[in-house]
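We begin with a single chain expressed as structure tokens, specifically the form predicted on its own.
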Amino acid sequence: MRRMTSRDLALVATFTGLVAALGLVPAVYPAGIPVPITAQTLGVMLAGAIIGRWRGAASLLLLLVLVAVGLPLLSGGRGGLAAFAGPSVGYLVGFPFGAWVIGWLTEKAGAPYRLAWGLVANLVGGIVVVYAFGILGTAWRAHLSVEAATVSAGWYVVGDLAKAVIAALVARGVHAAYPGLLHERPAGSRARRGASAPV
């Protein structure tokens, strides 16, 4: 991981704010399901798809730190250490890992951003990875079997598939407007290339 610049930090803070803002969307609590349906996984997908693995993961880590110190940034106004003691803990822990995997897959694909590959990245990181942590956390904190926790996660799949499509479409638009956002060449290498260019 390279040292973050002031621009990197600004992007991290922006996406932390975006995920927090998505927490204002009211959560849905299906009957008998211990973890609510929220819009914040959309923010996880957008962070990884737009600003890459390290900055995307950092934005979600920052969110979790702010939640831990008591800010009510999770859906439903939840915050504080109590948020990590409930059945949602696995999904929360999975947020930065999901963003990292989405960003890594997106970066590996290279430019230009391809919608189909971006969708695959969102599905792998935003659903497979986040659900893996989430199901284990739900089984642990809600005292369910892994099988029962997996069945309960089925309530989230349709919504998260829609989020994956939305995030891929938004990311394609952002990368079309700001090419090189994920693959910027260090300033020093640009300067050296310019110095060695023929006159």
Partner chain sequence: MSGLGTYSPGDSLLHRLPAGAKLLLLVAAALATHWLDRPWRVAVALLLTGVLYAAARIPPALLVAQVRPLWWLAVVLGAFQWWANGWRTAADVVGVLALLVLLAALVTLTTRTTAMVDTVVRLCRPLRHVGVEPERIGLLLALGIRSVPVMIGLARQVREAQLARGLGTSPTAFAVPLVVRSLRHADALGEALAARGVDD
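Numbering follows the first chain given and starts at 1. Values in this document were obtained by computation on a predicted structure and should not be read as measured data.
The same protein has a further form, the form predicted together with the partner chain, not shown here; the description that follows concerns it.
- At the 4.5 Å threshold, heavy atoms of G173 reach the partner chain in the predicted complex.
- G86 belongs to the set of residues with a heavy atom inside 4.5 Å of the partner chain in the predicted complex.
- Taking the partner from the other structure, the partner chain in the predicted complex has no heavy atom within 4.5 Å of any heavy atom of G110.
- Put simply, I135 is far from the partner chain in the predicted complex: not one heavy atom of it is within 4.5 Å.
- Not one of V93, L119 and A153 comes within 4.5 Å of the partner chain in the predicted complex, counting any heavy atom.
- Using a 4.5 Å cut-off on any heavy atom, the residues of 152 to 180 that reach the partner chain in the predicted complex are, in sequence order, I166, L169, V170, G173, V174, A177, Y178.
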